[in-house]
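Presented below, as structure tokens, is a lone chain in the form predicted alone.
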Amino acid sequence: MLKLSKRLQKIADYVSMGSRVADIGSDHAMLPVYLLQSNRCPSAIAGELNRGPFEAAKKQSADAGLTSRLTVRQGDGLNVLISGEADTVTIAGMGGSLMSDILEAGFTAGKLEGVTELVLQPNVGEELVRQWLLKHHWFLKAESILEEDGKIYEVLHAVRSDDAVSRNSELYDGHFLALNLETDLLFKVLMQMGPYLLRDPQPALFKKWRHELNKLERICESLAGSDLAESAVKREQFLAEMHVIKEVLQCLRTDNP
């Protein structure tokens, strides 16, 4: 059986047993091949835009003897799908902005009809994906953060739910942080840093945001050398953002020694 990286294994673990999966931006189709080999899924679709990875995915499918169960298609985003032929959609290894655009285009075109589960791994811009899920009434059921080969990844698991609005309202209630912040700012913190990740903080979470603080600090130092009024405004905004992040991390350390 194909062995996956920690990142892909976490995505695979979130896929519901017995679901028909469509892996968008599948690259070499390692994820769907594993899901089929492990009998987690009865069938799979691998979608890839670029010719090289598309051909590599076809070869991977053939080499694994899975061509009868794994369909490899070349196309842009969710356009490779026919409505109703997948239960689970996985998208991984791209920015949150692009991922949100793919989901929005697929939603508009009706490609998500019949899909009950999304497993998403944005490389950056995770808050944009959480915003899309919230806007379209998907319930964020779980999320994970992990480090592999010096990089930190977040994996989001969302499901359709009739009571998604009420469940999301409870999920994004940030009062558990016990911080003296306005409601809107608390909501922004949870959207940015992850509601589950903040409830169960792992070492990778602290590492990620310490790195982010270092980046913001360097930006502020650069802006301090500018005489432009806009630079001063931006610097104050970044300093305020840094202050909130530090407050949150300190709160987490206090609650979780």
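What you see is a predicted model; the values in this text were computed from it and never measured. Quick note: we count residues from 1 along the sequence shown, nothing fancier.
The following text describes the form predicted together with a small molecule, which does not appear among the structures shown.
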Q. Exactly one of Ala232, Ala62, Leu213, Leu49 has a non-hydrogen atom within 4.5 Å of the small molecule in the predicted bound form; which residue is it?
A. Leu49
Q | Single option in Gly110, Gly114, Gly93, Gly125 placed near the small molecule in the predicted bound form, where near means a heavy atom within 4.5 Å | A | Gly93
Q) Pick from 157 to 165, 70 to 78, 183 to 191, 130 to 138: which stretch has non-hydrogen atoms within 4.5 Å of the small molecule in the predicted bound form? A) 70 to 78
Q) For this chain shown on its own, do Leu8, Asp27 and Leu98 all sit within 4.5 Å of the small molecule in the predicted bound form, going by heavy atoms? A) yes
(Q) Against the small molecule in the predicted bound form, would Ala86 count as a contact residue? Criterion: heavy atoms within 4.5 Å. (A) no
Q. Can you check whether Ile102 is within 4.5 Å of the small molecule in the predicted bound form, heavy atom basis?
A. yes
Q | the small molecule contact in the predicted bound form: Pro53, any heavy atom under 4.5 Å | A | yes
